[in-house]
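What follows is one chain in structure tokens, specifically the form predicted alone.
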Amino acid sequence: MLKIAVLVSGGGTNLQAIIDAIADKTIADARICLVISNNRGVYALERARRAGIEERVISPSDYPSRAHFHKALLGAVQESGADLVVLAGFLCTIPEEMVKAYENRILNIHPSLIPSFCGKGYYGLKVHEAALERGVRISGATVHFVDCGTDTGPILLQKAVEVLPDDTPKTLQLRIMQEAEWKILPQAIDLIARGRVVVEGRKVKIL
């Protein structure tokens, strides 16, 4: 069984999509062994509690340095026995030591079609604001493996979503969540759980 640690920072809608997909067997042979938030009081933690999943808060503000925070974060994931780490709206940078320890075993969901509107500074509503300002007709979401760059790891899945003429950043964000993020993130985890994903350099092969 694939054991998953999910890292969150906010409401946890992608976390909920994973919880639901495991419950209805859309994701086969997997379970979430730990949810970690860098923020206290976020609704993602309540989602974990309701599902009977262990949850922890590991916040940079609780440690004397970023290095100590990184050590605690990596330690918690390792102690959980997780095989896969999923960043579901986690807004802290993943330390290089974790990327190396979990090479090609950390997934991120990004709310655009990478390489568009990604990299440093592109997160949350900022992504959708930039897309609308640029006047794109198609946006979407990307599931990719995490490397030591920002949104630069091998791409596993993408799904396109139409941008409507009257969209605001919030309406576009919601549609991309509903039509792309909540679908392809569980799909990606299921592919990994079934042993159907092979990473070859910067490319991903689905068996």
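Because the structure is predicted, anything quoted here is derived from the model rather than measured. Just count from 1 along the sequence shown to find any residue number.
Missing here is the form predicted in complex with a small molecule; even so, the following discussion is about that form.
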| item | value |
| --- | --- |
| Contact label in the model of the complex: Pro186 to the small molecule, heavy atom within 4.5 Å | no |
| Met177: touches the small molecule in the model of the complex, heavy atom cutoff 4.5 angstroms | yes |
| Contact label in the model of the complex: Leu74 to the small molecule, heavy atom within 4.5 Å | no |
| Partner contact for Ile109 in the model of the complex: the small molecule, 4.5 angstroms, heavy atom | yes |
| Interface stretch in the model of the complex with the small molecule - options 177 to 185, 51 to 59, 66 to 74, 156 to 164, non-hydrogen atom within 4.5 Å | 177 to 185 |
| Contact residue in the model of the complex, chosen from Ile94, Ala88, Leu113, Leu84 - any heavy atom within 4.5 Å of the small molecule | Ala88 |
